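Next comes just one chain, in structure tokens: the form predicted on its own.
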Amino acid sequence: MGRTLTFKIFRYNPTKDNDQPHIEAYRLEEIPRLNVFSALNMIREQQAPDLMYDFVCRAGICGSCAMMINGRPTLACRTLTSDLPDTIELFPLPFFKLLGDLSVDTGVWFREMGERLESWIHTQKQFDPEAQEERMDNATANKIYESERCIECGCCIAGCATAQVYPDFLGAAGLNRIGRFLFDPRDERGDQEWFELVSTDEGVFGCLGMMACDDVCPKDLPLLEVFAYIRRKVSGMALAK
């Protein structure tokens, strides 16, 4: 016999009249290799068919099942109940719009962030579909690859104290996106454009260096290295003026 787990889950449906935020407890027998996502499936199938939470891939790739698990933002599908105490508290990610129960809308924020940062390669070159792809050295390609591994789960934003206070702060996800294009030699934006984009309190200088983003990132992205690179670049741009 496995443990009897108690899941204390935040419940609130904003589309339902007179519904109020509250906590409901559900009990479940633990089975080997049980993760929080599978436990939520079992609870919804057996006890709470109206329970709302998000999922797509179930493999730690899509980022949809991010939530607060015992106070820590992380992915439900990659969190084993065997690593948690008998009582497990589940809350939706803070900062993002609540859709219901454990479900939040991260997509709108990430889309607006991408548009704000103009997350595409800026170049004056005309696209030639028959030309060979531009080559770059392996070190540069690896830096871009590391930044591109972000799955936009929102854990870094949920764990960021600055983001909770200043909604316009780019956060780790936004700064990581900037680093991706700063690394890319194909992007032709000049120093002035980059400086105006990131040298503000909403940009890299709004980061207080508490490193919660680096601590909770489920993909272990080298966020601190990216931030340090951006700070050095921006400081160099300012000195060059």
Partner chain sequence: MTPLDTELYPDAASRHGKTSEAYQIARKALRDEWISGLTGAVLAAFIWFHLLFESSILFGRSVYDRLALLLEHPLPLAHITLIVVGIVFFVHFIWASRKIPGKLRERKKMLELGVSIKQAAGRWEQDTKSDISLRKHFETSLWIWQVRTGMAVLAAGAFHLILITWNVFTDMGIVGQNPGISADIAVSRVASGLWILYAVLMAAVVFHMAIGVYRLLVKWFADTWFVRKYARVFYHFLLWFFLILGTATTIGLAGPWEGILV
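Just so it is clear, the model here is predicted, and its values are computed rather than measured. Numbering follows the first chain given and starts at 1.
Just so you know, the form predicted together with the partner chain exists too; it's not on screen, but the next bit is about it.
For S235, a non-hydrogen atom is located within 4.5 Å of the partner chain in the predicted bound form, even though that partner is not displayed.
Taking the partner from the other structure, the partner chain in the predicted bound form has a heavy atom within 4.5 Å of a heavy atom of I23. Under a 4.5 angstroms non-hydrogen atom cutoff, the partner chain in the predicted bound form lacks D168 among its neighbouring residues. By the criterion of a heavy atom within 4.5 Å, K8 is counted among the residues contacting the partner chain in the predicted bound form.
In the predicted bound form, E188, R189, G190, Q192, E193, F195, E196, S199, T200, D201, F205, C207, L208 are the residues of 186-208 with at least one heavy atom within 4.5 Å of the partner chain, listed from first to last.
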